[in-house]
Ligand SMILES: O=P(O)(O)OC[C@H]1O[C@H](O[C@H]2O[C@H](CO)[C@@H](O)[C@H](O)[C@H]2O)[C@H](O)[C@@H](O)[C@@H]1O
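As structure tokens, one chain now follows by itself in the form predicted alone.
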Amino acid sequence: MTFSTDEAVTAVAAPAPAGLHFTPFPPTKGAARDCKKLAAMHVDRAAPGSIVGGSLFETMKASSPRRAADAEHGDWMEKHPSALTRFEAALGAAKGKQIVMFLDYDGTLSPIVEDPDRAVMSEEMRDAVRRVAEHFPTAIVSGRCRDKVFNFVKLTELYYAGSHGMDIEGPAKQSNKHAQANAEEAVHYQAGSEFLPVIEEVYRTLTARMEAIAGARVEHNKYCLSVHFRCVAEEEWNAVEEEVRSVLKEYPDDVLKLTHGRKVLEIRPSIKWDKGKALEFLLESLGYAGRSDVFPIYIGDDRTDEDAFKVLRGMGQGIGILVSKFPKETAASYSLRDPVEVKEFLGKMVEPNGDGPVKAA
């Protein structure tokens, strides 16, 4: 895969180890923390019967986890078995190959929480990721702003792909022992910089609009915006959609697009870039593109991670692992139930067992 200059791929000289400049994002002042209280405060804007299909509202509801019958869950697990219980089968094809790890953050390394500013990973998880990164190139791929993700993870030896892969930066050259000899420069990529002014404009407008909906929150992720409705009463979800659409109708479809994840609406530039493209870019930047001796592993829990799962399916290499307790349509090959199992899986990958199925190439 080749990235041309018109895709705004920029290679820059490798900075010093301290050259990764990330700034803290403190919790929003005065922000309410209790979703139940926020839901109780909502204004009754929706008339009885106004919640109907035919809009994004039903899709928003569908993005919430649902419980499945035992038989249905069993059928799903046969198609997407646990990467823990089937560890050797899942990683059997990785023998003798270079593993490259890709990890989502929210819902994968940290639990989903009511307040996105408090999605803190445990020290045990941080240690697990650190040990994996000692053996394999490791990247965090998140819809969050890159700086925010780094401030949660705090590991300088990783690659960080924020804003759904539109903002990528790798570790300094001297700390990047996994890069191939031809990857002499630090990884640096920013897609859609020309959209930053319009993203800022929409952020200001939407923030003002959402003040009327208790629990709604707009998160600025630099190259995209996240409208969280986890703390919004269900009868107000339709109002959230209407406000978002009323703002976006002022912009052409080739400027901004609307997608959704787990109780969040995502506003992104209308460019052909997603987590799957970020995975491909990072493999090429590391010098692993087009090689048959590479085994990428992508672990994620969100709808946006499906783009990466599909890329792996298309490559016919590596595996995708969906983090979910409930059956979901997915292109992933395996599953894990929650971040606890993710931590256990990462731990098994670096167990000091010379006969184990996973070794650093």
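In case it trips you up, residue 1 is the first one in the sequence shown, and so on. Everything quoted here is computed from the prediction, not taken from an experiment.
Keep in mind that the form predicted together with the named molecule is missing from the display, and what follows is about it.
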property	result
Answer option from S226, T138, Q98, N238, heavy atom within 4.5 Å of the named molecule in the model of the complex	S226
Partner-contacting position among E157, E242, E114, E201 - heavy atom within 4.5 Å of the named molecule in the model of the complex	E114
Residue stretch of 276 to 284, 143 to 151, 87 to 95, 190 to 198 approaching the named molecule in the model of the complex, non-hydrogen atom distance within 4.5 Å	143 to 151
The named molecule contact in the model of the complex: Y105, any heavy atom under 4.5 Å	yes
In the model of the complex, H80 touching the named molecule (heavy atom, 4.5 Å)	no
The named molecule contact in the model of the complex: I267, any heavy atom under 4.5 Å	no
Heavy atom of E219 within 4.5 Å of the named molecule in the model of the complex	yes
Heavy atom within 4.5 Å of the named molecule in the model of the complex - qualifying residues of 242 to 262	R262
